[in-house]
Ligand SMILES: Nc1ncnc2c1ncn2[C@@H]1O[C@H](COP(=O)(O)OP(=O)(O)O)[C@@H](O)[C@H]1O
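The chain that follows stands alone, in the form predicted alone, written as structure tokens.
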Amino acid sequence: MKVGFCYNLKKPADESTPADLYAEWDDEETIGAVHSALARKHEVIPIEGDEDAFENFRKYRPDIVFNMAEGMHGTSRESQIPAMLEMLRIPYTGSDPLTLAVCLDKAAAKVALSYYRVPTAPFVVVLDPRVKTRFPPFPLIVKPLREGSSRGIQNRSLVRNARQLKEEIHRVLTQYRQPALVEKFLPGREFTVALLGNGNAVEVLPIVEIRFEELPDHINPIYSYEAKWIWDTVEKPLEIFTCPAKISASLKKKIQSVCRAAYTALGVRDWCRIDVRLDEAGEPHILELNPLPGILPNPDANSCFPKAARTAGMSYDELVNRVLDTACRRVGLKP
């Protein structure tokens, strides 16, 4: 089978670009690993997810596309490649343009979750700091509305007073040029959950817990950009994750249930990683959904979806091909 492989190759940062500009894009090691995994069974056609992508899809006409492209510009950047493929009637892995756009917009996702009574923390969206807004009680966490890979979430994003809140809202509005999501901070344990499949066949992989006590002293207990990309490195990996999470059977069941509900409510397809945090009473709440999850191949990189897959007995190559096979079955292709 001819499998298109669409991705965004991470560019080297320079002094003129923010350090986290390409945080969501994939490096050569990851792109090479996914290509190699797909090539075990299929003819692979690599296609960069750039302005030439549409013509390349039309030229090569793959049977299906393994999509990892995150995009760069626009409020629905993750939807651009799937929208092109739908126009060309080429099937692809993962969620459709609408689901990708909603999941990228954290407020839109939380509104949808709330409608379906899936628990998520109270929040407000700030477009103009001059407009009087009623916020949830402190402490609060301030995030860019439409970013992933912890982009824009720094140690300082957890705020405990009005001055810090004002500063963080200003930083998000000016640096990221998008609204700020201000959310009640949930003080409990945090988990990330990998799911595979569709409909009644969705499988929840072993749950990963993020252990904030392994971060440097006096650091806020959040999975910030610094925690993800600066303090926890391949050269000096932190023992920040436990998989499977050491939790009771009842809590495991609750986390699995709330993640399945979120997966269904947002119309996710094939695979997704979902971030969950416990509130004061120990009840799980959805933080966000990642329908284009990162899959770094090096175990020392602490990439959570491959970590969960390894714990479930799946190799990296098996994980990649499992996603492809799942999409093939959904669209009626023989894997």
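Values in this document were obtained by computation on a predicted structure and should not be read as measured data. We number the residues from 1 along the sequence you see.
Just so you know, the form predicted in complex with the ligand exists too; it's not on screen, but the next bit is about it.
Colleague: Just one of 27 to 35, 274 to 282, 45 to 53, 294 to 302 has heavy atoms within 4.5 Å of the ligand in the predicted bound form; which?
Modeller: Selected stretch: 274 to 282.
Colleague: Answer with one of Thr99, Gln164, Ser150, Gln80: the residue that has a non-hydrogen atom within 4.5 Å of the ligand in the predicted bound form.
Modeller: Result of the distance check: Ser150.
Colleague: Only one of Tyr176, Tyr223, Phe135, Phe241 comes within 4.5 Å of the ligand in the predicted bound form by heavy atoms, so just point that one out.
Modeller: Looking at Tyr176, Tyr223, Phe135, Phe241 one by one, just Tyr223 meets the 4.5 Å heavy-atom criterion.
Colleague: With a cut-off of 4.5 Å between heavy atoms, is Tyr116 one of the residues that contacts the ligand in the predicted bound form?
Modeller: No, Tyr116 is distant from the partner.
Colleague: Does any heavy atom of Glu288 come within 4.5 Å of a heavy atom of the ligand in the predicted bound form?
Modeller: Output for Glu288 is yes: heavy atoms within 4.5 Å of the ligand.
Colleague: Can Leu186 be called a contact residue for the ligand in the predicted bound form at 4.5 Å between heavy atoms?
Modeller: It does: once the ligand is placed as it appears in the predicted bound form, Leu186 has a heavy atom within 4.5 Å of it.
Colleague: Contact with the ligand in the predicted bound form for Asp105, defined as at least one heavy atom pair within 4.5 Å: yes or no?
Modeller: Close contact is absent here: in the predicted bound form, Asp105 is far from the ligand, nothing within 4.5 Å, heavy atoms only.
Colleague: Is the ligand close enough to Lys143, Glu190 and Phe212 in the predicted bound form that each of the three has a heavy atom within 4.5 Å of it?
Modeller: Checking in the predicted bound form: Lys143, Glu190 and Phe212 are all within 4.5 Å of the ligand.
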